[in-house]
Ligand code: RAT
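Next comes just one chain, in structure tokens: the form predicted on its own.
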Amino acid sequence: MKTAYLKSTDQMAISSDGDLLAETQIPKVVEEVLASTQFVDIHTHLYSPAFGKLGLWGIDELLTYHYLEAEFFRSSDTTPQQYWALSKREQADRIWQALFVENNPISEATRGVIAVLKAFQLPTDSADLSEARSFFEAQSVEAHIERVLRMAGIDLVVMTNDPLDPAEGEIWLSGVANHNQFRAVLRLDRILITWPAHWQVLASQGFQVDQQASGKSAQEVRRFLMEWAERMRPAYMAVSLPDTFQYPSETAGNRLLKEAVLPACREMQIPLSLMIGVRKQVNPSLRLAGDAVGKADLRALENLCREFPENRFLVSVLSRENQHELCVYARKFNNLMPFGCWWFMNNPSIVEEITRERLEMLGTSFIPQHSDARVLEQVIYKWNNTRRTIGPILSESYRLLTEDGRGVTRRSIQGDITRLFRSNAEAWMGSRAIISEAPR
């Protein structure tokens, strides 16, 4: 590697990974490194093959994704009541007709479907879905999963697993086969957010809990979590929180958070993921598409990070207005890891703004993105979009760095991209969760 910086970037030539790059070479190298680096997808709603029909894939699932359903109701005379009465196949046909035949699919969600069809060399402008359906129906699930992950450039998928979901819990209890590309996450929403509606499930399983989460409830919930963690081997625990979340405040959920969840996370040395800012069911008739966003008071996060310095928190916020505050808190608490551009934030214009802000304030000490995919093939377009959006941001950062007097090399760019899209996730969740232990 060269030992001194050249005054003119025009003099810089690339002959090895350790040589300084000219400004004109930086974008191409960034693009190549992003394309060749296998990412960790730290948050999804996907499932390994062992979960059978819980795993969603194929053209009908892609088209009935709730992002497209919300858009469909804006471009169609079909009412939600009429739509929900249709079969999945009929719903997909209606959405295809309204959003892809009668209109150009220029929204982020509709372009994603086009990108998936193109990736599999399927027609993107057909009047019907017959060819696409024939293709997906011919696929073997396990081989298809392997192919899709390879196409997306990811080699590790972190799931979302709820032990209180009746269908999923039954599968876990019957035994889940290991899969070297999937890791579990122990989801806590039914415990921390809707405890009054679900405490009896734990009681029916022999845990001494009550509706007020009093008495032995916290101790018993901790025992429940430890038993399920032994079964799942989770990479972390997770909860989606409303914009009204406050800590400290005297609620059953906060009591269980403080006395059961956080001690269990400390004992297992795994993070707690907090996804903050969702407003559930502002329009219930839209079902999954009926949720909205609210600005949260992040002093609750400040209080948690300060009160529990031995706990690690993965945090994503749903409101654009909360993003800068999250960056500031990450500068104050090294037990806080910002991750991803979640849900309504996952649009290129907003991803660009947030990622630039994080790079400027945090360097490479954050996790830029996760797919949040619910349908398998979505990872293809979501991660393609990430590479396409973040490449120019990184290139501009390196150009400015070079202009200010510090050159960059392919090797140093590789190190940054590996840290952003792999190493930060691996270090935060722990090598045991990522590498040596799989769900069982």
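Keep in mind the model is a prediction, meaning the values are calculated, not measured. Counting begins at 1, following the sequence as shown.
Below, we refer to the form predicted in complex with D-arabinaric acid (RAT), which is not included among the displayed structures.
Proximity to D-arabinaric acid (RAT) in the predicted bound form holds for none of Phe136, Arg147 and Glu377, with the criterion being a heavy atom within 4.5 Å. This chain is displayed alone, yet in the predicted bound form one of Ser240, Ser217, Ser316, Asn161 has a heavy atom within 4.5 Å of D-arabinaric acid (RAT); that residue is Ser240.
The single contact residue among Trp343, Tyr247, Phe207, Tyr329, judged by any heavy atom lying within 4.5 Å of D-arabinaric acid (RAT) in the predicted bound form, is Trp343. Interface membership of Arg187, defined by any non-hydrogen atom within 4.5 Å of D-arabinaric acid (RAT) in the predicted bound form, is confirmed. D-arabinaric acid (RAT) in the predicted bound form comes within 4.5 Å of a heavy atom belonging to His45. When D-arabinaric acid (RAT) is considered in the predicted bound form, Leu298 lies well away from it, no heavy atom lying within 4.5 Å. Although the partner is absent here, Trp57 lies well away from D-arabinaric acid (RAT) in the predicted bound form, with no heavy atom inside 4.5 Å.
Judged by heavy atoms within 4.5 Å of D-arabinaric acid (RAT) in the predicted bound form, the contact stretch among the candidates 409-417, 393-401, 28-36, 59-67 is 59-67.
Along 251-275, a non-hydrogen atom within 4.5 Å of D-arabinaric acid (RAT) in the predicted bound form is carried only by Met275.
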